[in-house]
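First come two forms of one protein chain, each written alone as structure tokens, so that there is a structure 1 and a structure 2.
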Structure 1
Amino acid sequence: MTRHQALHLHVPEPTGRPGRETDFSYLRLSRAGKIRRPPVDTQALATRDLAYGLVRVLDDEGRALGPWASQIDPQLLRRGLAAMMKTRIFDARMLIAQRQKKMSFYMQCLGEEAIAIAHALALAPGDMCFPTYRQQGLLLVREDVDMVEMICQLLSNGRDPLKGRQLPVMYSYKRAGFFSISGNLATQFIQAVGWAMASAIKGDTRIASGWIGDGATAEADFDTALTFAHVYRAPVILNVVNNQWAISTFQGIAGGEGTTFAARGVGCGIASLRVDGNDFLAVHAASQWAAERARSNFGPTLIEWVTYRAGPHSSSDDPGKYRPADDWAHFPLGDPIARLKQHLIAIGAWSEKENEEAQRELEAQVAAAQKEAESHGTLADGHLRSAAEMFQDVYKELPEHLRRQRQELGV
């Protein structure tokens, strides 16, 4: 056999196709409570087993088990559940608004709510998140972020704090530790590492948290970020959200079936965890562990959050073309909201009646915020921001050629 005949290109077969249930056996699930919890100062290479296992706390009955089941105030868990419910309601209403042509574009985080919300509750004031477009929970869990302002940004109306210069869902909230979202894949990782390095150089105690999806691990920025994070021991948490689908491409195309995404961190000398992203308690515990490690100057942590994108990639996507319509129902890690609700009921900190009341109250809150935001204009009512604004906030003094262009527009 010649060398040419011996070589072949391996192209991963998509596991999920329309009409055929996705095979999730590659996930290699661990039982709740069975994965060890090392001290925060552990050596990066000593976390290799954690990069191949799956940190889980909640079992099928809603019980919290194992070393990662730290004591959490039930009030914090109630706050987390309410924030997840609000996020799901918010997403549903905004997607309908997009279908009504009130905004140009929208992206849900349906099925992934626990990751951003539990993570946010484990961070400290002043920490900076470098998110992608599916971490709106980082904002919706905060009491100092106004839903009306968020919706105005989606509508690009007269109260849009970004003046219509960003795509909807690409929020920017410096005061809330939420770095401006970019549509370019994986840039958040190198930005987060650089910010964290600067924080350490200044002798600060603030840490950074960067976010990308499983598909973006194929970008060069991912590897560059890991190299710098390792070499400079940057106080950063590197979050890889493995929601099984990068737009219409199954995560196996990015190498998620041959190994885990968390394993790539260990290979770069970074402590790594693979965590059940639909287990609120596991997400909070892993985030606390990584945050303490970073803040104590023990180095970065890479966390692979195993979850499932239950909705379309965006309002422009039709997932029915590449996976079965009921695929989420077969995902073995379940619904993060239902699982936390089950746990709270099991410990006597929640009830079905409270759940119904919270649902009604949150729906009313989101509806009221939407109504107020829409009073400032939507795309459906022909609202357009002034063309004059494109010349503002660019130069301290407007150059002559731009001044002439503005005059030609008559603005």
Structure 2
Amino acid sequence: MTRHQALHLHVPEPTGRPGRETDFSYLRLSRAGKIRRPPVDTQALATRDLAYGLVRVLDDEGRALGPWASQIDPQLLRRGLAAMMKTRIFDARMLIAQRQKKMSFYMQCLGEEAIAIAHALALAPGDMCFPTYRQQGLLLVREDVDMVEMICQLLSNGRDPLKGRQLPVMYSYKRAGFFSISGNLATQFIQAVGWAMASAIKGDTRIASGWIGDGATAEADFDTALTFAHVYRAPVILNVVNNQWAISTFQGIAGGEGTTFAARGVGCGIASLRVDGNDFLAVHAASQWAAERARSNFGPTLIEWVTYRAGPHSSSDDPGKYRPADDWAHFPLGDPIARLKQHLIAIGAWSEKENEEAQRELEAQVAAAQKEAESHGTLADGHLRSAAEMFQDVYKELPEHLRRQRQELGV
């Protein structure tokens, strides 16, 4: 009879912790330009190599290389750069406003700006994103979403379009293709698939784009979304933003150790890509590929965006307690803003001087928007929406029992 040693439980552990530098070799990077670009009607199983590789366009010198480097208008790239810079400025100012107690809570997308912004620029009007709380770039890249109104939502003030019902950053902009953010994780992923199914049922041409973080892929709604998307060949892009951290839990605890999140898609019969999320050109090219595939009725694409959550999870979090303080500085995929700026300068479509001017102008824009929003009140000064509004919209019509309860509150 074979004698076995005692079993032991494996609990994944990140290579880096406070005081111990991270060994990022677990990311298994590919060189820029080295990953093939299949036709958009490719079979899902034929994307297996793409789910384990890493699509990158920009190299360390800022050159655009390989089959995913498309002919992209420098004007669009400048717009993307400006939107990323604006998002970073916006986040920094809002975080300070939170520290000043003008709002209860804030969540930045520091280091992840390229993903939402380049993706948004690859979608068409009428498409619908089902975001998480770290895709504010989807809104900030648009010219038809008023920054003042967004800040009013954050401040929960008298002009908050969500009437003070939702935590800051849980925006809802149907007209801008931005589904209401729940706050519960992963629920939106299957909803995106349902929305895409509806578009197919109606014979429309619109597609959906669902978003989830690496941590929330462990929820059942993630697997359910993949099953439904595959079964009904839904016109949907399934984005997994792998920023390595879910609050204090590294991506190995969500199931990323020794495999990739993109590989889950292949297992479910979905074409899947693993892409450098800090490479604006790669994000745009992969998003365009997936959007074209969905809109051509070839079905869903799962894209794992490899990036790094450079800031804390939220204004309530202190990452210094669980990861090296300078971790982002060592992250091999760098800073998406610096990389796109480097590329634009390399192709002669941007300069340091223009960059400085843009930075100043965007800072002034955000500051002016904040000032105007604060003139309508902040959570701190008590200029809130009326408590009577608490009872509205629970049902389409106010039912009798809520009318009585509103009366009981005396509003």
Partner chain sequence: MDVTEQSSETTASARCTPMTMIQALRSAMDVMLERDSNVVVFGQDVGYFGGVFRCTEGLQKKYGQSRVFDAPISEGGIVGAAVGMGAYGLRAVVEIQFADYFYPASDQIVSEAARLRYRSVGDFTAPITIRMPCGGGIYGGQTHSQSPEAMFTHVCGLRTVMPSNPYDAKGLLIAAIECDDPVIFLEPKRLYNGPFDGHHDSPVIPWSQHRLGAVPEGYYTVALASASVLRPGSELTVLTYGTMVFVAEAAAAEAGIDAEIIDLRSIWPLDLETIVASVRKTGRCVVVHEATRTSGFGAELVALVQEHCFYQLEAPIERVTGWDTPYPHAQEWAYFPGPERVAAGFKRAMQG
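Model, not experiment: these values are computed from the prediction. Rigid core here is just the name for the largest C-alpha set that superposes within 1.5 Å across the two forms. All residue numbers here follow the sequence of structure 1, with the first residue given the number 1.
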>> Between the pair I just shared, point out the form predicted together with the partner chain.
In response: 2
> Quick one: CA shift at E397 between structure 1 and structure 2, core fit, Å?
Replying inline: 4.6
